[in-house]
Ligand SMILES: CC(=O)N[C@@H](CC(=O)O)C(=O)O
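Before any questions on how it binds or moves, here is one chain, the form predicted alone, in structure tokens.
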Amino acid sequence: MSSCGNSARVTEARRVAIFGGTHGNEMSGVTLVNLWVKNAAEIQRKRVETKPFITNPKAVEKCSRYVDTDLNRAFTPENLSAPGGDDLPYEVQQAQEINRIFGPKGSPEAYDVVFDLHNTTSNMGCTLILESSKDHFNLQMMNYIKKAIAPASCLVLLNEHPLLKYSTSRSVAKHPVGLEVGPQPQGVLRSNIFEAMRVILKHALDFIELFNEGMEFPPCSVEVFRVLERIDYPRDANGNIIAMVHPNLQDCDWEPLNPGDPMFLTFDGKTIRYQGSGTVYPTFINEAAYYEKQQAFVTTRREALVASAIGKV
């Protein structure tokens, strides 16, 4: 990407991948990608090659999040450069294969865009996940999607926290995009969640087609929720959880959490209140997959990012 004044010049996004099954029990992405593998007409656009791909087939077969380790945390330099072999965890082997097909990560040969499709058990609605505040192509795309689906909501979660950002499967691409839609239980397919994901992908691909055809996109402001902190459940000295998400917080993703607001409820009925210094916006509240990661929710700060005007090189 080059810059000219306040306008960014971006190479055409000619190669696009849609990943489903990074977590094998998140059924919207699994079902859509399997549908498109059989018939890709719906995702074809002029001047774009779009490849649907099941990233973790063994986990999909088992309908489990993963087999050996979380694929969506496996794309580290150490894993991608490790000597290959059957002794590696299955997901590390998959990460290396995905990097071979769609990367190499960080190289000019990498795919232009990867959409990675996920479901959450949290009440997050439709959420686009951005990995860099300086990716003006993705910011413009997300602005386009938000306007296209209005008055329906699609929020943007920005995770570039140096300690909380992780090595995602989509990070092999030049422009990685996560799509998280919920609430949906693990292993379950809900029609409204499935359709919401499908509609967002349609508009995302429409944006890429318009961009590749030469449309210029003027500067815009995009509201994002920037990840600040991971909050764990209260635990005893042995590491056992001793409290639940408070009823006043449960299902209240993206709503303000103020100092003094109820946050957890202990098993013996005591309220634990938020002690932060200011208002935050929690999300991934009580996500089922994050119990193993010692996370009850993440806090975010709402802010506006200015995206430069973009046009193709």
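Source: prediction; values computed, not measured. For every residue, the number given is its place in the sequence shown, counted from 1.
Missing here is the form predicted together with the ligand; even so, the following discussion is about that form.
The site on this chain is open, since the ligand, superimposed from its pose in the predicted bound form on the surrounding C-alphas, has no atom within 2.4 angstroms of any backbone or C-beta atom.
Although the partner is absent here, Phe284 is a contact residue: one of its heavy atoms lies within 4.5 angstroms of the ligand in the predicted bound form. None of the heavy atoms of Val227 is located within 4.5 Å of the ligand in the predicted bound form. Contact annotation: Arg170 falls within 4.5 Å of the ligand in the predicted bound form, judged by heavy atom distances. Heavy atoms of Cys220 never reach within 4.5 Å of the ligand in the predicted bound form, leaving it off the interface. Although the ligand is omitted here, in the predicted bound form all of Arg65, Asn72 and Glu180 have a heavy atom within 4.5 Å of it. With the partner left out here, the ligand still marks one of 190-198, 212-220, 228-236, 115-123 in the predicted bound form; by a 4.5 Å heavy atom cut-off that stretch is 115-123. When you look in the predicted bound form, the only residue of Ile129, Ala110, Ala243, Leu88 with a non-hydrogen atom within 4.5 Å of the ligand is Ile129. In the predicted bound form, the ligand lies within 4.5 angstroms of a heavy atom of only one residue of 148-167, namely Tyr166.
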